[in-house]
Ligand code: SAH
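As structure tokens, one chain now follows by itself in the form predicted alone.
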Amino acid sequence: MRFLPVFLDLKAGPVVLIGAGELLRAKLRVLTAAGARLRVHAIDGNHDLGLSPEHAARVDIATGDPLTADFAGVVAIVCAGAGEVGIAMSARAKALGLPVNVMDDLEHSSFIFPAIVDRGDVVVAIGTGGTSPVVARRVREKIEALLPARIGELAEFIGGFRKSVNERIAEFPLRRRFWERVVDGPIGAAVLAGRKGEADAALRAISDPSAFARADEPGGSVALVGAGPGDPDLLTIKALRALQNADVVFHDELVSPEILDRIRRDTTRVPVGRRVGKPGIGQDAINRRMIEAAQSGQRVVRLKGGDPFVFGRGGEEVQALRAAGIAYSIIPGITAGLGGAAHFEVPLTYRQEALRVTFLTAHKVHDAEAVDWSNLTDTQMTVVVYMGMTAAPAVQAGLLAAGRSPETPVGVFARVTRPDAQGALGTLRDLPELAARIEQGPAILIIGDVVRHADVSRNEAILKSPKQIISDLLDAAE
């Protein structure tokens, strides 16, 4: 992010607008619609700006040279269609410490105009760093369709009560819950439906705001949330809502930064997971800290990679929460096996080819008695091994010893659904060599005939093992 989104106080002083032609008039319409007071330098001498009487009252026409004008008290300078004058004005504005925008010229601008969704007191700004106004406009169109028409009226309504309610509720978390109940409940619905008088009466009738905030919440709660394999767009709507409502989030080490960015900014974040070879705080400690946070009245999210109930120890955490009498909910996520299969187009089942799927965790494969490999030799069974990179030799040895064909197709898929995902295809005979060609994990192994349908062309580590490459070269030579 190069440009930080900020909102200028247009009541603090005038905006200077310099330029010519339709570009000047286009920026003029934007700024007058935002309520700005303007000082306009039309360098082409055309002062016919086509303003309504209401907007014209806030616009002063300047006739002097903008390069020598007095800019005391000015909020910002905008150049639209100003040519070389715009570049010179940029240098002067920066020397004076004033924000400056030169239209379509990032090099000489210290701020840029976002695409704007205007709902009165609710304003949404969308930016692309100045790279693609069309993309920003398309995003704005989608947001326009989603936001209620009276959302700005709801913000204005709350603003009228905010000071008095904040004075009566000292604790910030409880204050936030009060306003959440107002916005999400019948009072907010009444404002959005145009029944502001009804909403006003209902809010004034709340004699004890603290009790209202605590209603229907006898204590804290815990949500076990599946974060999926890495792509933030794969989070469910319910998961996003939980992350936005949470007071504290205990998250795994492998949850991607892009997903952590979906957590509300003032929420406490506590890393509790572990990576291979690096110990975490331990499951008992995680359980204890979740329970303590919930018992203190907080809304807790336990954010887990993949799905909580697929090698995520979610079942153990549920047992601990039940024993402690903590209210909890479970929000599933896309497990890595399904995410990897979708990313690399591996159908885990396939009619008349693969009728069964087995999920296996690599943490157990080094224990000779932990896995009955003879149950995994069925050619119509797809085997998915989690955290499989370091376990690839043990998985290969177990399956070969049990009788699975060394020509069974296999795939090693790392960092699935993420931009840096990698895939390697080959056979069970060469599984350790394929895993060695993947740069880093976490990775899953998919073993079975369905891997023949995979496509790793976009994220390819290696399509063939060295033995296959040599064989192909010999065949070509013949």
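Residue positions are given as counts along the sequence shown, with the first one as 1. Computed from a prediction, not measured in an experiment: that's the story for all the values here.
Separately, the form predicted together with the ligand exists; it is not shown, and the next lines address it.
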Exactly one of A239, L254, A136, L376 comes within 4.5 Å of the ligand in the predicted complex through a heavy atom, and that residue is L254
Picking from V100, A155, M381, M387, the single residue whose non-hydrogen atoms come within 4.5 angstroms of the ligand in the predicted complex is M387
Contact test in the predicted complex: H41 vs the ligand, heavy atoms, 4.5 Å:
no
How about A443: is it within 4.5 Å of the ligand in the predicted complex, going by heavy atoms?
yes
Would P209 count as a contact of the ligand in the predicted complex, using a 4.5 angstroms cut-off between non-hydrogen atoms?
no
4.5 Å heavy atom contact, K27 and the ligand in the predicted complex
no
I need the one stretch from 315 to 323, 75 to 83, 334 to 342, 160 to 168 whose residues put non-hydrogen atoms within 4.5 angstroms of the ligand in the predicted complex.
334 to 342
May I ask you to list the residues of 288 to 313 that have any heavy atom within 4.5 angstroms of the ligand in the predicted complex, in sequence order?
G305, G306, D307, V310, F311, G312
